[in-house]
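One chain comes next, on its own, written as structure tokens: the form predicted alone.
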């Protein structure tokens, strides 16, 4: 690994090391799974103290660019995906757009009466039936997200008979029911994985998760879906673009 440091710069040496390794990762010069020099090796390469090297590696680890395996070494982490794509698209289209192969496992598919909160979100009565789907979403066979979704039965009869493992839900709603998605309202939260979700996502219980609670509306302003998606925090991040309004 080639690292050039400016020793008369006002930027601390650990920050320079951190910035250069991060740049190489973001430029794909260091691929996911590639070994990163150890604290001792990095100190020798850069001719700095081990404390300085440790600071640089800890900063990279805290940002999710590298991970450590005890007794083995430090490695480049898989690049995190963004939960905010700025477009109302489904998981299948999003993964294909990223060059990944999406797949889905249906964990639950049943009809039930709408709970009060779900009924309010979908604009229906608690006596009305909803489809309750729980789906595990994978990319390149790696589990990324757990979805817990509700859709009104009266708007989408026989939806539970459709091939939801191999086809996009939103595409099915548009092509077979004539309902196109137009907008969504979202709430972003953080939580820890329950045993059930951790098992599905192949992570440890209480691991960090990002939750996106989304209510999706059609072009006619019909509430189509209420869904909570639990994203692995080690594989996803949330980014926001802020602008200053004139006062």
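The structure presented is a predicted model; accordingly, all values stated were derived computationally and were not measured. Numbering follows the first chain given and starts at 1. If you superpose the two forms and keep the largest set of C-alpha atoms that fall within 1.5 Å, you have the rigid core.
Keep in mind that the form predicted together with the DNA is not shown, yet the notes after this line are about it.
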Name the single residue among 29, 49, 191, 194 that comes within 4.5 Å of the DNA in the predicted complex, judging by heavy atoms. 49
Just give me the single entry in 54, 199, 206, 213 that has a non-hydrogen atom within 4.5 angstroms of the DNA in the predicted complex. 54
For a quick test of understanding: in the predicted complex, does each of 96, 154 and 171 have a heavy atom within 4.5 Å of the DNA? no
Based on heavy atom distances of 4.5 Å or less, which listed stretch (113 to 121, 67 to 75, 154 to 162, 133 to 141) is in contact with the DNA in the predicted complex? 67 to 75
Is residue 12 close enough to the DNA in the predicted complex to count, meaning some heavy atom within 4.5 Å? yes
Might residue 40 be said to contact the DNA in the predicted complex, defining contact as any heavy atom within 4.5 Å? yes
Please determine whether the C-alpha atom of residue 104 is displaced by 2 Å or more between this form and the one not shown following superposition on the rigid core. no
If the two forms are fitted on the core, does residue 18 show a Cα displacement reaching 2 angstroms between this form and the one not shown? yes
Core-aligned, does residue 73 move its Cα 2 Å or more between this form and the one not shown? yes
